[in-house]
Every structure is written in structure tokens, then in C-alpha cells.
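Provided below as C-alpha cells are two forms of one protein chain, presented individually as structure 1 and structure 2.
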Structure 1
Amino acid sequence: MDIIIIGAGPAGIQAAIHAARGKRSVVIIGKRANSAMYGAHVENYFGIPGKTDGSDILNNGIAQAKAFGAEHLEENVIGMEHSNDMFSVTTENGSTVTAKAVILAPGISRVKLNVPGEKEFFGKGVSYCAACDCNFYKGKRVAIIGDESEAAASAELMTKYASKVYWVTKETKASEMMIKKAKDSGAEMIDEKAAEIIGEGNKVTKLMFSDRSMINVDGVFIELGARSSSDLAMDIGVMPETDGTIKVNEKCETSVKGVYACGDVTGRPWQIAKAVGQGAVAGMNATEYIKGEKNVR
């Protein structure tokens, strides 16, 4: 592959259209449903009057990109690597794709669960990063909350530290491979919706579900959505800002050669028009980069 595009939202799709039209081999990796545009009513995008379902626009966009030769993998990315000027991307189904350039268009993900106790017990048993805090839960009981493959990966990781791991996922969207990994590691899946994090003093003690049943836990790890954009960026050496955004120049280049970013991940405004604009810039510049020519503006 010439170019891997992470994210199947307006920025990623527009980048794919430009790159594929520029005769580069392109693959978009990402679930359309992870785009903020999916299921949203669009009424402020030029040329699309009335209230249009964002999902329809995304579906049309994917079809359009494919018509120009782009491929699309409807999967989440679980890891990326950068070596010898090549980038490799691993998806939740276990496939690995390599390319000379990467366009990061993953959007911004919701991290907060918004249940009672979440804010109060943050750092006192509530964590948003299993990889960071696993070591503090040796021999303890923990729950991982999240429906995507990222939560499954965290559940598997935590089984190496905690004495008991629950993976709370209502109608899981994780890949079969990641579900199997989590189950094989000994994590217990619970098909419930988390409703409240309960603690005593300054420690988490219980997690309550929407049917008011409870489990005893010392830690609650909130891992909603796909792998965060900051985490993915750091995999390939791009250092995000503290707010998780990725800094780009006017060519949508990041600090790493061959890596571009566009859309919501580069910061506000979180608008389709801006995402599409940056997507075009990133797609064109990545195309020129592959050709080894001077980047266009």
C-alpha cells in the first residue's frame, strides 16, 4: 500500500478520494459508526440542504472512494508501528497492513462514561488507562467498561495483574478475535450497562449496573470506543498535545515524515467542512509525498 488512512469519517474519506484519484493505492481503516457524523443530522454543510442523515453521506463517501480504487476495512486499529520509513497497522481482526504514508483521521473519542461516582473516584479506583495503572491493581478485583476491541485488550492485560477481571460490555462490538483473547485470558464478560461507581471513603468498592445488581471491585477502568488517537499517534512517534489533539502545519504534516493528520483530531472547530478541507489537503500532500515530488499547498 502507498497510504493508510486511519478513520472512516469525513476527513479520512475525503483524503482517500484525493489520494485514490491521484493513483495511489489507499486503504481506509475504521468503522463508519465511530465517526461523530454517523447518525447525526447534517444541516450546515454546503450543497446538502435540509436535514440529511450523516450516515448516508458517509456511506456515499465510502462508495465514492472505492469507485476511485480505495479499499475500506470496517475495523478498528489496535496498534501501529514505524520502522525504516514504513508504517504497519494491525487491526482488531489480526490483519496487518503496511504503507509508506499514514493519514491520521480518527476523530476524537468520548472517554467519560458519565455515571455517578466516576468523577469523584477518578484516581481513587477509576482509571482511563489500563496500560498506565495495571501495576497498582496486583491481586485486586477490577472491572473494565467498554464495548470495543480496546476494552477487550485492556481486560486481557489486566488478567496478568488482577485476581479477578470483569469485562462489562453491553452488546459488544469487539472483534471475534479480541473477544476470544479476553475470554481465554480468564476475564469474565458481563452483559450489563454500568450505572454507578460506588466507593467508601476514598476508594472504589462496587460497580452497580442498570438492573441495580452489583459486583465488588477495587478498580474500574473506563475504555470506551476505539483506541484513542493520542495512543495511536504515539505508536508511530507523533507526540500529541496534552488535550489529545495532534498539531499539523498548513500541509497537514505532523512532526513525523510521512504522517499526516486531519479532521477533529487536529482540534476545533469540530465541523464537517473543516474535516473535509483538511482531508483534501492531507490526501493531496500524502499523494505528492509518495510520488517523491514537492508537496502542494
Structure 2
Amino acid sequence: MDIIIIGAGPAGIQAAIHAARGKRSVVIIGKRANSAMYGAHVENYFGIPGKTDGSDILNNGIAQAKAFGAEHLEENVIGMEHSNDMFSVTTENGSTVTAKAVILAPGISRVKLNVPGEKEFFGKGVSYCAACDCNFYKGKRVAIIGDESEAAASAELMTKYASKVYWVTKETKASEMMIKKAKDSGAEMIDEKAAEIIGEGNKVTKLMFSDRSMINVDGVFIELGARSSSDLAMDIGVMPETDGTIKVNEKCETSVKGVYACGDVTGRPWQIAKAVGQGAVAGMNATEYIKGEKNVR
């Protein structure tokens, strides 16, 4: 494969269209439902009078990309690696894809739980990134909250650090493989809905559920959705900014050769027009990069 594109939103799809038109082998990895456009009303966008359904735009875009030869894996990404100028991506169903270049277009995914105590104890036991903060919870009790692959992967990860890991999931959407890995690692699944994060002073002490029952915990990791852009970027050596965005130049290049980023992950404004424009830039420049690599060889 020449180019892997992470994210099936407007930026990633537009990047795929340009790269595939450039005769590169391209795969988009991501679920359309993870895009902020999915199910949303779109208006004030060039060529579209009034309002239209964002899901229709995404579906049409995927069809366009496929028509030019791109592939699409409707899966979440759980890990990435960079070795010997090649990039490998692992999905929640165990698939592995390798390519010479990567375009990061996963959007922004720090989804809030919106329960009492979440805001008050952020940074004091509440975290949105297990991979970032795992070292702070060695020998402690933690809860992972979330229904998708990121929560499952985080639950498995935290069993390597914490003394006890609870995975709180009311409507599990992770793949069977990810669920099995979390269970086999020793994480205890709790079929309840988190209702409140409770603490004393400057630290989390308990997690309360909708039925008013509680568990004692030192940390709560809120992992709602797929792996965040920050986590994925760090997997391949790209260091995000403090706000989780990824810095790029005018060619949408990151600090790592062969890695590009576009769309919401590069920062404001969070607009479709900007995402599509950057997607085109990233797709064209990744295509030129691959062409240059092949000429060198």
C-alpha cells in the first residue's frame, strides 16, 4: 500500500480522492459514524444551498474515493508503528495494513462524559488518555468508561499498571476480539452507566453508577470512541501540541517524514471547508512524496 489515511471524515475522504486520482494505492481506515458530520445538518457550504445531511455527503465522498480505486475499512484504529520508513496500522478486528505514508485525519475526539465530578477532578484522577497517564496509576484501582475499541484497549493496557481495572460499559460496541483481550488481561467488566465521579480534596475516590451503587477507585479514564488523534500521532513519533492538535506546515507535513495531517486535528477553525481544503493539500503532497520515494528506489 502507498498511503494509509486515518479517518473517514471530510478531510480524510478528500485526501483519499486526490491520492487515488494520483494513481496511488490508498486505504481509508475509520468509521463514518465517528465524524462530526455524520447525522449532522450541513449548511453554509459551497455549492449546497440550505441544509443537507452530513451522512449523505460522507457516503457520496466514500463512493467517489472508491471509484478512483481507494479502499475503505470501516474499523477503528487501535495502534500504529513506524519502522524502517514504513508505517503499520492495526485495527480493532486484528487487521494490519502497511504503507509508505500516512495521512492523519481522525478529527478531535476528547468526548466528555458530562457527569458531576468530571470537570472538578480533571487532572486529579480524571483523564481522557490512558496511554498518556498510565504511569501515574501503578498499583492503584482505576475505572475505564466507554463502549468502543478505545475503552477495551485502555482496559487491557491499564492491567499492566493498576492493581485493579474496571471496564464500565453499558452498550459494548467493541469487536469480540477487543472484548476478549480486555477480559483475558484481567479487566472486570461492569454493565452499568456511570453517574458521578466522587472525590475528597484533590483526588478521586469513588465512581457512582445510575443505580446509586459505587466502587472505590483512584482514577477514572473516560474513553468514549476511537483512539484519540494525540495517541495515534505519538505512536509514530509525532508529538501533538498541548491542546492535542497536530502542527503542520503549508504542505500539511508533520515533523515526521511521510506523515501528513489535515482537518480538525490541525486546530481551528473546525469547518468542513477547511477540512476539505487541507485534505486536498495532504492528498496531493503525500502522492508527490510517494512518487519521489519510488524514483529514489
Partner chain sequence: MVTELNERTFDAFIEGNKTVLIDCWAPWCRPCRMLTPIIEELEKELKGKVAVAKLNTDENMGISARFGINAIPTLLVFKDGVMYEPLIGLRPKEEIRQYVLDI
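Predicted model, so just to flag it, every value in this text is computed and none were measured. Here, a residue number simply tells you its place in the sequence of structure 1, counted from 1. Throughout, rigid core stands for the largest set of C-alpha atoms superposing within 1.5 Å between the two forms.
Here the chain taken from the form predicted in complex with the partner chain appears as structure 1, while structure 2 comes from elsewhere. With the core held fixed, residue 198 shows a CA shift of 2 Å or greater between structures 1 and 2. Relative to the superposed core, residue 146 shifts its CA atom by less than 2 Å between structures 1 and 2.
Core-superposed comparison between structures 1 and 2: the Cα of residue 185 travels 2 Å or more. Relative displacement of the residue 122 Cα between structures 1 and 2 on rigid core alignment is 3.4 Å. Per-residue C-alpha deviation between structures 1 and 2, core superposed: residue 161, 5.5 Å.
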